[in-house]
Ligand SMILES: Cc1cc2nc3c(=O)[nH]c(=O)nc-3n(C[C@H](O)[C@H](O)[C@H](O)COP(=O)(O)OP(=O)(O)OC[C@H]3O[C@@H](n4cnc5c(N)ncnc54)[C@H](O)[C@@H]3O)c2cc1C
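Here we start with a single chain on its own, the form predicted on its own, put down as structure tokens.
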């Protein structure tokens, strides 16, 4: 039966980083490299290749803790030890050039996620670590002080230490199946409710959504729970035939997803959720009102349906005025109240949250194994010694902009280093050479 010091279950971002860190730690200790990655899919890193629309947003130099969700206080030890600067240095040491773009986002200089994956795999191969693909782990059981790993095909393997780095439930088409939760529970862990995050939101205004399908507009998006502000984001809004998408909507979708599942947001109950869109966030109400009044004076015979056409995409401008004014008329026929109501709609265009798209459209899993059940510095399980957990399996997720991958890298480095440091070096083989008889003079 095959044996290894460290078995890493999962060949995604956190698993590959954990394996590489463990192998480097073994090399530093002048020990044989004994690290094995067990990946269920045909190839490792499929989800990594899809990150950042294929560009791989590695991390975010701002490193704001407010951009993480779940058991954030418990994760601070790892995030503090491996901040974005450390992640960038780590990749530079592997030979990956990086560049910082808008809002602190860091990408590989090549602009390709494939560059990140290929370097990780090349370094693992150079160190002598191995990757076994199509080896789905179905069970992990105790074997002395270590573990016996069972695959669904009937294969078995022994390991001193195991690092669980399976992904969550998001993007099952890329190999995510949530198997790590069952393995964690079998080891004595619990799991918080899981729900999709960084996911498009389905809204109740069907007719409006279909009319605006494909329109994009920059604006400020506010999420309201029973009229109370829960969060807001500025960025590009994408209108779809079912609701809303775009990065700024994604950032707020975690709360919408939680509410759709439990009618709570951050543990507080709300009867309804609503998006309020300020489609002209760079201008005050007074500035815009003056512009519209001027338009009425200069173009009195123009169609009232085109009142906002110089402000917004044509389809969006016409949809808003159609909803407010109901029928077309020359602009000179509009009352001050008509203009006021049209402007208010553009500054507070509301959509009712129904639910979110499912796991197939989600980028991230919210929820997972509580960090209170693992050591905050090493990520070793407090329920099963010798077992380490990292990445999306844990109850921590990050926003768009590199935060989620930052957690994958940081937790992978922490778990890999701790697991390798805890492994006992193999006992030296007993010499078969016969003992030398003492010299007669020494008897």
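Being a predicted model, the structure only gives us computed values, none of them experimental. Positions refer to the first chain, counted from 1.
One more form of this protein, predicted in complex with this ligand, exists but is not displayed; see below.
Taking a 4.5 Å heavy atom cutoff to this ligand in the predicted complex, the contact residue among 74, 209, 174, 88 is 174. Looking at residue 137, you'd find a heavy atom of it within 4.5 angstroms of this ligand in the predicted complex. Within 4.5 Å of some heavy atom of this ligand in the predicted complex lies at least one heavy atom of residue 391. For residue 167, a non-hydrogen atom is located within 4.5 Å of this ligand in the predicted complex, even though that partner is not displayed.
For residue 40, a non-hydrogen atom is located within 4.5 Å of this ligand in the predicted complex, even though that partner is not displayed. Only one of 115-123, 335-343, 176-184, 253-261 lies within 4.5 Å of this ligand in the predicted complex by heavy atoms, and it is 176-184. In the predicted complex, this ligand lies within 4.5 angstroms of at least one heavy atom of each of the following residues of 343-366: 362, 363, 364, in sequence order.
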